[in-house]
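Listed next as structure tokens is one chain, alone, in the form predicted on its own.
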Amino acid sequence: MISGKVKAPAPVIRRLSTYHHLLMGLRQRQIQRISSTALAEMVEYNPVQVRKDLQLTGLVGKPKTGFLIDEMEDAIRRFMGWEAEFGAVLFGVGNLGSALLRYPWREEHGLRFIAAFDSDPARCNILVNNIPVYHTDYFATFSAEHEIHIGVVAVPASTAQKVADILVKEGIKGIWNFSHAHLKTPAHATVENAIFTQSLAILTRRLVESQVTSPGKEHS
């Protein structure tokens, strides 16, 4: 089993996140148990790989009855650190940023937005989902008074690096990047890029490969 202080490989983390996503759906359908083989079939992974991934979280299934869904979710949540609470701030309260503030991250993933920041005065001094929005200039003062683990960047690419530099300067070690910019940060800061279009790219490419066309439309 990987201890909390050992760096887990990114592919393992991504696969476990996928399992957790599916387990949430199974729980909502009131399914109580599943085997690693059945889970592997759902995600089209090798069953041996799925079992190894689950073992890293401390899970040991029973050959005939499999795993309890609740126990699997709890084990993955502990492994990911989602049982803890990570204080987060968001930069950029546009359409995307506002949507991120309204999503219930805290319930399932332990991420709690404590404030948001924007450079546009028209978007400041308001509440979005009961989260206060301040002007960017106030961040240094705010960060000195609050414990912040994660900075979420949802600003245009032209200002994303400036925001990342501000976060790093104030000691924020985790940056979740929703911008279209490649952020450069010191080694002690971790940047994770949220690229929504990756799954869409796979979908549209597969449609192109299979030469699927929309109903009523033909290629010229």
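Throughout, rigid core stands for the largest set of C-alpha atoms superposing within 1.5 Å between the two forms. As the structure is a computational prediction, the values presented were derived from the model and not from experiment. In case it trips you up, residue 1 is the first one in the sequence shown, and so on.
Not pictured, yet referred to below: the form predicted in complex with the DNA.
Checked against the DNA in the model of the complex, the residues Q32, Q28, S158, T65 give one hit for a heavy atom within 4.5 Å, which is T65.
With a 4.5 Å cutoff on heavy atoms, T190 does not count as touching the DNA in the model of the complex; it lies far away.
By the criterion of a heavy atom within 4.5 Å, S36 is counted among the residues contacting the DNA in the model of the complex. In the model of the complex, T185 stays away from the DNA, with no heavy atom inside 4.5 Å. Taking the partner from elsewhere, K173 is found to have every heavy atom lying beyond 4.5 Å of the DNA in the model of the complex.
In the model of the complex, no residue of the candidate spot (A99, R123 and N129) has a heavy atom lying within 4.5 Å of the DNA. Just one listed stretch, out of 150-158, 46-54, 190-198, 177-185, contacts the DNA in the model of the complex at the 4.5 Å heavy atom level, and that stretch is 46-54. Once you line up the core between the shown form and the other one, the Cα of E71 ends up 2 Å or more from where it was.
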